[in-house]
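Here we start with a single chain on its own, the form predicted on its own, put down as structure tokens.
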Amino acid sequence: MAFERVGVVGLGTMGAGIAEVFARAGLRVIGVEADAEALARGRGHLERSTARAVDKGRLTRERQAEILGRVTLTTSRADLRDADLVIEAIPEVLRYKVSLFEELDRICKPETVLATNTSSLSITAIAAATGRPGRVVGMHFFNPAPVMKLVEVVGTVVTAPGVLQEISELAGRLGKTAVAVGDRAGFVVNRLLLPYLNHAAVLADQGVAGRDGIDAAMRLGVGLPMGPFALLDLIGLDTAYEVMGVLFDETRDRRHAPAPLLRELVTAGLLGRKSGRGFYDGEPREEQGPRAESATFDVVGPGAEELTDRLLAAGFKPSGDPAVVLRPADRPVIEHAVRLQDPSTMVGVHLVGDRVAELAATALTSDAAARAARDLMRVAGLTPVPCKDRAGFVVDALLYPYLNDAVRMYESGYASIDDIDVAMRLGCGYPSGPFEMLESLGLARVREGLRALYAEHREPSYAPVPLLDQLVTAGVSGFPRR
């Protein structure tokens, strides 16, 4: 069908952004809010967003006026009766959405497609509340909607033939890339992203590493656009908590249980940027620590030559005092430390890319050795990330389970490799998708890292997915594209 008139119910930051996307594409938009005050806030979101685009030279004043002129704002849902498509962006509470869809079903013409922007709730449950379940779909945009290029188009077992294709084509008309998936909690992006963010909160809660270090490790070391805590603040801690709850209800996987730290912050009303404070109080800032004036060192283990060269170039002398620095390959740092005459001098070092050094202190590492290792990394031009001597340290402990989840998603037949990679690149702004990252790191390396995590934690979800295990055993370096 031709979509020319679109209704958007809920004009918060997300809903107003969706309305702007449709208006930019030349469609007439009916924006609906609960009352005049909420409607005024929605109008403000639209005006500020388009004004920022004008200030940045992305829109002319004339074009801004055209976009705003295509949007009609109202507090009456009855004004949606002639819409070809209605999409909701109200709070992520199932009973609210079900009630809304029951009302929309009565108001809208029979051929109207009803869409939900839910990030995790059951499309099937929402569709079942209407008399047109075949014409109810998920249309999940990403924040900020005018900028992010991905739309997850979600169908159910009763979606009418052709509807998903029509909505996917509409997404293309909006300048978006559509990824069509089935109705599973979290769809593609949140099903992979949120467990990774939740795991970061668990590591911080357990004292494995600090907030700033974890964010620096993933941003500078892996090349992600934001660290997990900065991203949680942007998403909203309450939203992340709710999505993890939905995932846990579906999977009963204890790794999907919301982190206690996340629950504590949400209960305290510290929701991230929307409340002015979450993991950060305002915008995150890069750590600025002191640089060592002088120090001596000894470096052993894989990667020693590269690190030694960097330290010598900075004017430092090898002597073995006060810190012995090791990049461990296959065993916990403590197993190496106990072989030394003075195990308190050992700090494990894991170089992540060319900007980050994870520093693993053991139960025997002295404060002096930990400080010396940290300062040495700074003068070598690396960002030090102190952490405990745990399998995977920080980066591998967060990255490898995420990659394993992506393989599990593909192996289950839920989404293709290309769709998963596209979804994570466009939905999260990642430099590469999980399968591209797996093949870049090396399948064998990731498998061995997962085995180390499983051996330490005995967490079933850390065990390498059978497909990954089989490909490594067969000596295959990449995934088959179907």
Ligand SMILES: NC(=O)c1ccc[n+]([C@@H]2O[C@H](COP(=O)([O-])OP(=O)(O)OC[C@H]3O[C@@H](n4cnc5c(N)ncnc54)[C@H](O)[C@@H]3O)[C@@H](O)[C@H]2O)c1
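The model shown is predicted, which means the values in this text are computed figures rather than measured ones. Note that residue numbering follows the sequence shown and begins at 1.
What comes next is about the form predicted together with the named molecule, which is not displayed.
- The pocket of the unliganded chain is judged open, since the named molecule, transferred from its pose in the predicted complex by superposition of the C-alphas around the site, places no atom within 2.4 angstroms of any backbone or C-beta atom.
- Proximity of Gly12, Arg41 and Thr239 to the named molecule in the predicted complex is complete: all three residues have a non-hydrogen atom within 4.5 angstroms.
- Residues placing heavy atoms within 4.5 Å of the named molecule in the predicted complex fall in a single listed stretch, namely 113 to 121, out of 113 to 121, 208 to 216, 259 to 267, 375 to 383.
- Among Ala65, Ala34, Ala455, Ala51, the residue placing a heavy atom within 4.5 Å of the named molecule in the predicted complex is Ala34.
- With the partner omitted here, the residue from Ala83, Ile235, Ala361, Val181 that has a non-hydrogen atom within 4.5 angstroms of the named molecule in the predicted complex is Ile235.
- Not displayed here, the named molecule is approached by Asn143 to within 4.5 Å at the level of heavy atoms in the predicted complex.
- The named molecule is not drawn, but in the predicted complex it has a heavy atom within 4.5 Å of Glu92.
- Proximity of Arg255 to the named molecule in the predicted complex: non-hydrogen atoms within 4.5 Å are absent; the residue sits far from the partner.
- In the predicted complex, at least one heavy atom of Lys274 sits within 4.5 Å of the named molecule.
- Interface residues of 421 to 435, taken as those with a heavy atom within 4.5 Å of the named molecule in the predicted complex (partner not displayed), are absent.
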